[in-house]
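Okay, so here's just one chain, in C-alpha cells, the form predicted alone.
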Amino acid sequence: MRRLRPVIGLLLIAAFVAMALLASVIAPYDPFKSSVEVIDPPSARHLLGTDELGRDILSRVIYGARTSLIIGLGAAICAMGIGVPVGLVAGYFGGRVDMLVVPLIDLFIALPGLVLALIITVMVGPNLLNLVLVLGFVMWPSVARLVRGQTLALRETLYIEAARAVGGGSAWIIRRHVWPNIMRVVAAQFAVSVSFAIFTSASLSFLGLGIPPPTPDWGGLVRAGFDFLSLNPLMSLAPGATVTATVMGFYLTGSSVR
C-alpha cells in the first residue's frame, strides 16, 4: 500500500491540474451565468444541479480548481521563498543568528495557523493576492524550522568540514553541498504546504473571508450550499469532496517523497 501512495497522489494532482487548465473546455456551462433554474436537483442537464442563482454547480466546481490551486501553489512558493533562506542561514551559521531566528519561528508556530490566517485576513481584506501572501506568511516558520534542522545536521559532517578546510566560502558551501542534500525534504514540505494552504483557504472561504463572489472557490461553494443541504446536498458535498481529494493528493505525494 505504501508503494501506491505516490501513484495515487500524483494521479489526483494531475486530475485537478488538468481540471484547472481545461476548465473552459470541460465545463458544460458558464460558471457566472444565472438562469431561472434555481436550486434544481441533479439531472441530465445539470449533473450536480444548480445553485440559488441558477448557475451550474458542476461548472463552478470545475472553475473553482483554478482558484484553489493558484492559492495553494502561490502560498507554498511564498512560504518556501521566506522559510528556506531563513532556515539555511540560521542552521549553517548558528550562534547569534540562530538565537534571533529560533524564538521568532517558535512564536509563529505556537499560534494556530488557521487562527493567525483569520486574524491577518480580517486586517488586510480577502482577495486572491492577499490570501496567497497571508497563507505564505503563516506557513514559512514551519518551512524554516525544517530547513534549519536539516542544515544543523549537515554542517558538522566531514565533507562540509573538508569544504571549509580547502577554503570554500559559506555561500558556496550552502549552494554546492547543503542545499542539494536537503532538496528532497524541501520538496516534500512543499507538497504538504500546498495541501495545507488549500485546506486553510477553503476554511477561510467557509467563514466568509475567502475569494469574494462571484468567483468560484471551493470553500465558498461549500458555504453557499450549506443553507440548501435539505434541497440539494451536492451543493456542499461536491466542492467539499474536491477539497478533500486535492489535499489528499498533495499530502500522499509529499509524505512519499520523505
Partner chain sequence: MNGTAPLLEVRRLRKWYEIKGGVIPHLIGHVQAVTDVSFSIGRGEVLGLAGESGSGKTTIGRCVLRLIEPTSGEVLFEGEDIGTFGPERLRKFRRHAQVVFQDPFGSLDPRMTVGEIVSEPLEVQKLFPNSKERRDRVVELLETVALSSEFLKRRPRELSGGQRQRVGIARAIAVNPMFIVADEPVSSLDVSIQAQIVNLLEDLREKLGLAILFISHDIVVMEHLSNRIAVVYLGRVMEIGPTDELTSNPKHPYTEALLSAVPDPDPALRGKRIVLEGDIPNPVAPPSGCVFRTRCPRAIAECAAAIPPLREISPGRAAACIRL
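Bear in mind that the values here come from a model prediction, so they are computed numbers and not experimental data. Positions refer to the first chain, counted from 1.
Just so it is clear, the following notes concern the form predicted together with the partner chain, a form of the same protein that is not shown.
- Site annotation in the model of the complex: the residue of V166, A110, M123, A171 reaching within 4.5 Å of the partner chain with a heavy atom is V166.
- Within 4.5 Å of the partner chain in the model of the complex, a heavy atom is found for all three of L158, R176 and N181.
- By the criterion of a heavy atom within 4.5 Å, A162 is counted among the residues contacting the partner chain in the model of the complex.
- Note on the interface: of 112-120, 67-75, 142-150, 181-189, the segment with non-hydrogen atoms within 4.5 angstroms of the partner chain in the model of the complex is 181-189.
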